[in-house]
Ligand code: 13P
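First, one chain by itself: the form predicted on its own, in structure tokens.
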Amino acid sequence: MKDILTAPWLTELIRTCTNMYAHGWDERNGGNISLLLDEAEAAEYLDLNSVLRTIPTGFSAPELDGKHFLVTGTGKYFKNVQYDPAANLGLVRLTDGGRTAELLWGYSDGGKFTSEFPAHMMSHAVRLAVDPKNRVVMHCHPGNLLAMTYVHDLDEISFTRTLWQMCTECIVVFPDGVNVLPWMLCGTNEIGEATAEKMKTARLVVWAQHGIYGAGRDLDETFGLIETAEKAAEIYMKIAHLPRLNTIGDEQMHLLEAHFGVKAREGHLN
């Protein structure tokens, strides 16, 4: 059996955690990632019949029964993942309709998955229904997007259009736009359910005064989604107090749609 520390999906997750911390998106123990693995991928590195312990999840997700996830741990600092993956990450299999997680590897110090596990799993279930190739849910606290939720109205069309207007690439990278939730108590099933509902129509969901959730087919795509939205928010925060003499208008956005073969979310452009 191969050494799990050499698994491409593990090394890529470690690099992603390190990069997110370096970007300032995941201060202290802020942020979390979950990566859906095919059973065959996990079986190359682990005896899937060897369950270390079981952990109640506190929610139900029958659609995910039997699926395997690599998940960051609760209370863990992203900066430490590269130094001790086994303590900071865990590989679990959902059973009992999603109500139980079987730990197959990791959380070696007795820990468990992130407190945002319900939001992750509910979002995975929804995104898989939309796109069967979805594999990643990522949560972090990018400073400019967070700041934007204090000074910009939270109407989703308005919020999306503002981001699209900041960088030419935005409408190409996330033509499905950005959905927004008002402030809610984190780490609860309620915010998980609300996030999952928003994930039905967009891969990016902003939590006002908190951070953002992103979903995608791989770690690079999901990181890139958040990175692009955060760059747009940075530009907005630099110019929001200034008179705007130029912008990217709807006419230009329609040109981008045609040139890059994307379609902006219905109702977001004139």
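Residue indices: 1-based, along the sequence shown. Note that the structure is predicted; figures quoted are calculated from it, not measured.
Note that the form predicted together with 1,3-dihydroxyacetonephosphate (13P) isn't included here; everything after this is about it.
Among heavy atoms of residue 114, some come within 4.5 Å of 1,3-dihydroxyacetonephosphate (13P) in the model of the complex.
A residue is said to contact a partner when one of its heavy atoms sits within 4.5 Å of a partner heavy atom; residue 30 meets this definition for 1,3-dihydroxyacetonephosphate (13P) in the model of the complex. The shortest heavy atom separation between residue 73 and 1,3-dihydroxyacetonephosphate (13P) in the model of the complex is within 4.5 Å. Although the partner is absent from this view, residue 139 contacts 1,3-dihydroxyacetonephosphate (13P) in the model of the complex, with a non-hydrogen atom inside 4.5 angstroms. Residues placing heavy atoms within 4.5 Å of 1,3-dihydroxyacetonephosphate (13P) in the model of the complex fall in a single listed stretch, namely 114-122, out of 87-95, 101-109, 130-138, 114-122.
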